[in-house]
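Only one chain is shown below, in structure tokens, and it's the form predicted on its own.
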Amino acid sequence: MSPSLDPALAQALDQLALARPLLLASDYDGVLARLRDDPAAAVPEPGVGDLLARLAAVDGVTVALVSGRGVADLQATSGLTGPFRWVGSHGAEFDGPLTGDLAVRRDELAAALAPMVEAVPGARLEHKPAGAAVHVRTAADRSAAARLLADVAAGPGADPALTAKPGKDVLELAVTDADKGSALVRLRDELGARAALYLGDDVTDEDGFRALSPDGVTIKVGDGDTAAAHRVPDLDGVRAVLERLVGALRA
């Protein structure tokens, strides 16, 4: 059984459900799926796929997944299917993959990061469609992990042409300045949405919260400072939000 929601959040969701067109957007990792040491193992929480599909089936409602993952990775890992909008690489993958000079810069960045990551056992370099990410979640030496992230930030990450996107045990460097906030605004405007919701848990989701404030319903998952107007403690709280929306949209 899902936990009860804060009354202010429940009221905001019920009011949101009256609007059409309506945009319902969410981050994936840490929101719809638990964070895993192996990102490929981060499958959706039980019942989440069904809830998203039911929301997307409502006339005038668009469900969007807005992730730091590349779109192809997000689709493959989640296994989700349906009439969803997919926005990857923190908004860089909105109109397709990178090409030309941006693709060359992305590959050069990954080549520069590779020896730094290889020097720290357990660290992992993720090649992304718009850049590269250094993961240290599985590095046993936490001091070495922290130093690696600091060295990446002070080294390749100091290039003003790159955009740094820090997260939980990860630092991503992107060759574009796209962020989740600009992607959400672009999607909202494209749809002509009269209202929008965004669920997120990480530092990069703060761009989305700020972009949709003060009119959107923004929900932080977990602890930490946030620009979001509402908060749920964990993924059970996310399920409660989705269930509330399903009920409100069918009322």
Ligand SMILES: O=P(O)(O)OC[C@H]1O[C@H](O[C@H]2O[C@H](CO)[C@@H](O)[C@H](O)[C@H]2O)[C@H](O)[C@@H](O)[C@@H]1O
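The shown structure was predicted, so the numbers you read here are calculated from the model rather than taken from an experiment. For every residue, the number given is its place in the sequence shown, counted from 1.
Here the subject shifts to the form predicted in complex with the named molecule, a form of this protein not shown in this document.
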Close approach of Asp169 to the named molecule in the predicted bound form, 4.5 Å, heavy atom
yes
Counting only non-hydrogen atoms and a 4.5 angstroms cut-off, does Gly68 reach the named molecule in the predicted bound form?
yes
Should Pro44 be classed as touching the named molecule in the predicted bound form when contacts are defined as heavy atoms within 4.5 Å?
no
Answer with yes or no whether Gly222 is in contact with the named molecule in the predicted bound form, where contact means some heavy atom within 4.5 Å.
no
Name the single residue among Arg210, Arg36, Arg194, Arg186 that comes within 4.5 Å of the named molecule in the predicted bound form, judging by heavy atoms.
Arg36
Within 4.5 Å of the named molecule in the predicted bound form, counting heavy atoms only, one of 78-86, 100-108, 152-160, 132-140 shows up; tell me which.
132-140
Hey, which residues along 177-192 are within 4.5 angstroms of the named molecule in the predicted bound form, non-hydrogen atoms only?
Lys180
